[in-house]
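Alright, here's a single protein chain in two forms, structure 1 and structure 2, each given by itself as structure tokens.
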Structure 1
Amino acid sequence: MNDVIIVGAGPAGLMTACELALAGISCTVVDRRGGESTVTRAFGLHARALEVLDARGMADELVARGNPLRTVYPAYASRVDFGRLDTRYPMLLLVPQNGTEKLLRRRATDLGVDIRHHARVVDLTQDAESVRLRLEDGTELAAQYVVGADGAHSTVRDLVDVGFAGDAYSLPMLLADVRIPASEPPPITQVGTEGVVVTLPFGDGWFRVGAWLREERDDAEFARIREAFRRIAGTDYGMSEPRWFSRFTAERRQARSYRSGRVFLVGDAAHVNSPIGGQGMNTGIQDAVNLGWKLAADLRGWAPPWLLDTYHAERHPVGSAVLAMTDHLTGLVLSGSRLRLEVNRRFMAALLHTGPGRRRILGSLSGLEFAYPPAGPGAHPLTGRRAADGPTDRGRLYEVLRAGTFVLLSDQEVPLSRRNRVRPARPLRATGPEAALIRPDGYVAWAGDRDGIEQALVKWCGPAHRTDPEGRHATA
């Protein structure tokens, strides 16, 4: 029996596989496609997703390949300065989704993940001990846990029957990949009374262009997109050689529960939202990093009994917040009201001038401000928040996190018996509490005085004397 089977080799499934494999858990990914995806949907990676990828050593390669934008001029605000974010990645990184997927796939393969194609899941049953999957060709597979990362039309979600509340936007988005002659790159989004047009660079002279219009017509996609650009942007930028088209209907939906027994949902299988704001893949990658270490801890036998349920408790509210934000932005750009847009732009500009307003808006768009409820009363205010990167005696915190373990930030050593779950690191810029326990996904599990360390370690990482199924450092 497999430890974990992941259904879907998109970004969320591949990231989950990487997390499990890093923790030494054997996992298999099954995907109905015949091979790697060649189609790109997402283009934007935000700061928190980049930080999380940095915690696994993958962000800098993406930044080197992509187009980092420090300031963007979206349709819903005059300008948004991601450059003001307090992070190693103060940017919106434009990088085509298949580039991100390639990197994740390479890492998963390097870590020994078995990725099987032409493997469509058609049935799922579970009991208290295991989950069984049946593939279209009749093959039966069993695992202790299954992760449904099979996208917006998830079969896994349907089979566990957790619902997918919400609806579809009434108007489709038209998309095309075209050449645009080299000159000043067009703005990412431009809005008119007819709707919104979008231009995203692949970085090699090709662009993804899109039009989301308030009025639907039966015209051929390319003609309609060009006309929309002429009317909304005043020019079609000389776009030519269309090589790909799609008519795509965005949806706003969320699974009622991200867990059903031994089955978990990540990525678009759990939530789908409007592409305005560029959030879907970012959220899916972070779901995966939230779930991976928890599943691994459970399979290793040292997870506290409440840990697996925190996946839904932490990620469902984030999914809801992202859905509400992207829906609000979409309503604005498709409102057709110049007045409403102008009022919103001015309101956003005023808010972005104030510290709290800036933190809230940039923090939500970038994902940096999302925090998780502290596990227990009387917690330090940092508990549940993202851990800020900073130098330690063993490198930057996000470099220390690359082992996939907890990190104890303190001048105190971690007993040998715990070293396979917790790495010690002494902060070189002591500004916070005396000690902090950082989770493998880069969030603060606990912070406080040195006296509280042992209790925090026992709560999150299990008692030190417990026999460790990995066989290392089994006794204190």
Structure 2
Amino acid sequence: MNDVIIVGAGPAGLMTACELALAGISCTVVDRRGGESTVTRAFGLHARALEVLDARGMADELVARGNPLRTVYPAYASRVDFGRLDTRYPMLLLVPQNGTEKLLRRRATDLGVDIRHHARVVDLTQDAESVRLRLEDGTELAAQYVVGADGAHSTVRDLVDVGFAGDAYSLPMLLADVRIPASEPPPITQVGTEGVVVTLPFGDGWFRVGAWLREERDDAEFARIREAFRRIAGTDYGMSEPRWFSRFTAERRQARSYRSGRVFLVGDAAHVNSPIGGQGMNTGIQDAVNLGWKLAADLRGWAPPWLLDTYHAERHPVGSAVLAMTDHLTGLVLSGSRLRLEVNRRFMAALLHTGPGRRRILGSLSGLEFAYPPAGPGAHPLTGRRAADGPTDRGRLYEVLRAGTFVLLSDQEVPLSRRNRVRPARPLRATGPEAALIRPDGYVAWAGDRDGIEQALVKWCGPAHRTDPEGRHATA
């Protein structure tokens, strides 16, 4: 029996598999598709998703492959300057979804993850000890936990019946990847009375173009996108060679619960939102990193009893906030009201000229400002917030996190009995509290005086010599 079965080999599913395998957990990924995806529907990675990928040593390779945009000019704001973010990745990185999947698949394979294709789940049952899946070909698989990462039309979500509340947008969106022979890339977003057109440069001569039109028509050919650009932007920029085309209806929906017993949902199986803002793949990857270490801690026998419940408690509010933000932006660009759009652009411009406004807007778009509720009263203000990267005596903090363990930032040593769960690192810029315990996903679990370190370690990492059910030390 597997420790974990992950249903779906998209970015969220593969990231979950990587997290579990890094922690020594046996996991199998089953996917209904026949092989590696050529899908490029998701196109961008924001700063926080890049930071968590950096915490596993994968971000820089993606940046080298993609097109980092430090300043963008979307329809809803005159200018958004990601370059002002205080992070190693002050950008919106344009990279096709299949490029991100390819990197995650390679990492999962290197870590020993079994990925099975042509494996369609048709039934799921669970009890207090395990979950059983039945595949379309009659094969049965069992695991201690199952993670549903099988997209917006998730079979796993339907089988555990947690609902998927929300609506579909009334008008379909047309997307294509094309070549544009332009020395200067066209504006990212252009709005007209008929709708909105989008142009996103991948940096290699290829562009993602899209048209979200206020008039429903039956034709869904590439010519329809070119016509939309000519009507709204005044030109189709000479786009040609469409290598991918899609017509889809965007939705705004969220599962009522991200957990049902021994089954968890990540990525689009848990939430879907408008593509405006480029949030979907980012939110799914962060779901996976939040859940992975918690499942591993439970399976290794040292997780506190409340830990698995924090997955829903932490990620569901984030999903709701992202859905609300993208729905608001979508309403603006599809309203057909130039006055409303111009008022919003001026309002955002005014906010972006203030420190608090800049932190709020850039922090929400990039994901850097999303925080989790502290686990207990009287917590330090940093608790639950993203840990900023910085130099330590063992390298950058996010390099130290690459082992997938907690990191204790302090000049105090960690007992040998805890070293495989907690790595010590001494900050080289002492500007915060005396000590901070950083979770494997890069968020602050605890911060305070040195006197509170042992209590924090016991609370988050369990007693020092606990042994898991297989007889292995939980520190291993």
Ligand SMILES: Cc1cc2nc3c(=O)[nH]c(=O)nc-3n(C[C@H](O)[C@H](O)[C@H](O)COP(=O)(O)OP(=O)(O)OC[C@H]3O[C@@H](n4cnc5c(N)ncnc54)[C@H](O)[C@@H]3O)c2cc1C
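Just so we're on the same page, residue numbers count up from 1 along structure 1's sequence. Just so it is clear, the structure is predicted and the values come from calculations on it, not from any experiment. Throughout, rigid core stands for the largest set of C-alpha atoms superposing within 1.5 Å between the two forms.
Self-check item: Assignment: the form predicted in complex with this ligand
Solution: Number 1 is right.
Quiz item: Would the C-alpha of residue 167 be classed as shifted by 2 Å or more between structure 1 and structure 2 after rigid-core alignment?
Solution: No, the C-alpha position differs by under 2 Å between structure 1 and structure 2.
Quiz item: So, does residue 261 move by 2 Å or more at the CA between structure 1 and structure 2, with the core held fixed?
Solution: No, the C-alpha moves less than 2 Å.
Quiz item: Would you say residue 391 moves between structure 1 and structure 2, meaning its CA shifts by 2 Å or more once the core is fitted?
Solution: Where the cores coincide, residue 391 shows only a C-alpha shift between structure 1 and structure 2 that is less than 2 Å.
Quiz prompt | between structure 1 and structure 2, C-alpha offset at residue 203 (rigid core aligned, Å) | solution = Spelling it out: core superposed, C-alpha of residue 203 shifted, distance 3.4 Å.
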